[in-house]
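Two forms, one chain: they're shown below as structure tokens, one block per form, named structure 1 and structure 2.
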Structure 1
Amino acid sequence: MKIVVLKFGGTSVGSIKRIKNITKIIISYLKKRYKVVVVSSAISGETNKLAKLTKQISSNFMPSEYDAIVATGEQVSCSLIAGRLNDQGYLSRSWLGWQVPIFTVGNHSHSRIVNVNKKNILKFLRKGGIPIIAGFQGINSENRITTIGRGGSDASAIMIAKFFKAEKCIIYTDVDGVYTTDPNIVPKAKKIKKISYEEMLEMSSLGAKIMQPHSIQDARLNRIDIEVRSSFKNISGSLITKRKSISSKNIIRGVSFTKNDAKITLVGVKDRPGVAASIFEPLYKNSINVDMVVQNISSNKKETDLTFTIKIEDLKKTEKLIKGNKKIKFKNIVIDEKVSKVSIVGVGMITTPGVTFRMFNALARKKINIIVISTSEIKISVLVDRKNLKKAVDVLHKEFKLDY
């Protein structure tokens, strides 16, 4: 059985007109003699509306009930897609996570898929049916509805492709592929035809909004190729695949950035073994992600200045947790909400010397000051003043010849 998994994002199902359009895409794969499994997100904006309702009811809404309500958005879009296909003469029905069922483990709102029951879906496919499966959701060992994180419909599609041994997994969205950077910032940004899991994982983690990082990690671990395509234009997209399948003349494949960073510096922290752990433990327990970290030890080795970055939406909670932390002592806390992170990504930097110099030199030529630096095997990130963000992205895009 030749199976293709098609995932449609919230903008792709954002109106009746768009739902009618994607049913044409689904039918086109049937005409190519594929058995089609569809995974759908909720209509764009619907999950946010449902989440807002929970906040109006309670400031401490139960996680299990939160998942139960936000998972209903996909029920609407899946039913509408199935209804349109039936109207066009095709056998189709919607399937919610618990009906498949899709089994998950982990905490509510952050679960992960561990198994998909294939029996009923395969039976339906053999009858010529088109199953429309709700993304973003499953059930746990207690038969409670769970969700797998915002953007989780991508992860649903990837894991369904794995368990059904699909030939293709295609993510349909409102963009026509992965670009070297955001075309809204750099109009000369180019579409990347093929990109490695590792590069895409870094770019997503660093601000590219094509797919959620955990979805790409699932694809990488299970060696599932993903094609990202537009549901609005009938043009080729970008393939996310294994490293050895890619040949590229570019050392750097893309420039990513974030706009929602805040920098916190603790000045004059009393230095002792375990102090960093004492600072970050409350943040970890409150699900606050710490990104770039820099520590400077004083000459007398008794005090340290510790700088780190977080998402700006976590700033108030982080400040409160730090000020209320009795395990640490410091002289002052300095906060900067006007910073952005700019990163270059590419597997080519592993074997190419001079990349770091070129990046720093290009920024220096434009008089852009680097506040914090962090690196990994295939990326270099710098923190800069937010006013210099566009200039930094533009100069790095040119420096590494991504315009051509």
Structure 2
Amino acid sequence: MKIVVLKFGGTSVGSIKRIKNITKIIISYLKKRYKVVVVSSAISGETNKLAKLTKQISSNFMPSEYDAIVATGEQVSCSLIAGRLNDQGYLSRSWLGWQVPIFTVGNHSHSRIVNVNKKNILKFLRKGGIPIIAGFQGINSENRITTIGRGGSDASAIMIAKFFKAEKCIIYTDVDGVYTTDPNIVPKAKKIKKISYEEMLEMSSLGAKIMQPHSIQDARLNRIDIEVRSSFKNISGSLITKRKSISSKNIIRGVSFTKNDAKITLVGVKDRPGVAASIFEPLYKNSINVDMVVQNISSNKKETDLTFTIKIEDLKKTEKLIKGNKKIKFKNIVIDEKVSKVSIVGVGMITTPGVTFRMFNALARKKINIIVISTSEIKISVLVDRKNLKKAVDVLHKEFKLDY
């Protein structure tokens, strides 16, 4: 059986007109003799609305109930797609995570898919049916509804492609591929024909919303090629694949950025072994992700200043945990909510000297102050004032010859 998995994102199913449009795409694959498995997100904006309702009822909404409510968005879009296909004379029906079932492990809202039951869907495909599966959701061993992180329908599609041994996995979205940076922000961004899993994983972890980071990890582990293309324009997109299949002269593949960072500095922390662990332990226990960290030794060698970044949505909770932490002593806490992280990504930097210098020099020329730096083998990130964000992205995009 020649199977293709087609995933449609929120904007692609954003209105009745758009749903009618994507059913044409689905039908075009049937005509190419594919068995089509569809994975859909909720209509754009719906998941945010549902999440907001939970906050209005309680600031402490149970994670299991949060998943139960935010998973409902996908039920609407999947049913509408199936309904339109039925209307056009095709056999189709929707499948929610629990109906498949799609099994997940891990905490609510951050679960991971570990298995997909194929039996009933295969039977339906053999009958000529088009299954429309809800992305973003599954069930756990206690039979509770789970979700797999915001933007998670990408990962649903990839795991479904893995379990069904699909020939292709195509992500249909509102841009026509993966670009060197967000094309909605930087008009000079260029489409990337082929990008490695490693580079895509860094780019999305560092802020490129186009693909959810977990989905790229799953694709890399299972060697699933992903095609990213537009549901609005029928033009070729981008391929996310293994590094070996790509040849490129570019040192830097792309520039990613975030807009929702916050920086916390603890001034005059009593310095003793284990102090950093005492600061971060309660954050870890509350699932708060600490990103960049720098520690300065002060001149008297008894105290230190410690700076770290987190997501803005975790700021209030983090501040409360730090202030209530009896295991640490510090003089002052300074918070900056107006910072952003800009990163350059590319496997080419492993073998090319001088990339760090070029990055810092380009930022200096534009008088952009670097607040914190962090690096890995294939990325360099800097924290800057948010007012400098666009300028920083533009200058780095140009410096590394990515401009269109």
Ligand code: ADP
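Note that the structure is predicted; figures quoted are calculated from it, not measured. If you superpose the two forms and keep the largest set of C-alpha atoms that fall within 1.5 Å, you have the rigid core. Residue numbering: sequential along structure 1, first residue numbered 1.
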The form predicted together with the ligand? Structure 2
Taking the rigid core as the frame, does Ala276 move its C-alpha by 2 Å or more between structure 1 and structure 2? no
Quick check on Ile185: with the core superposed, does its CA move 2 angstroms or more between structure 1 and structure 2? yes
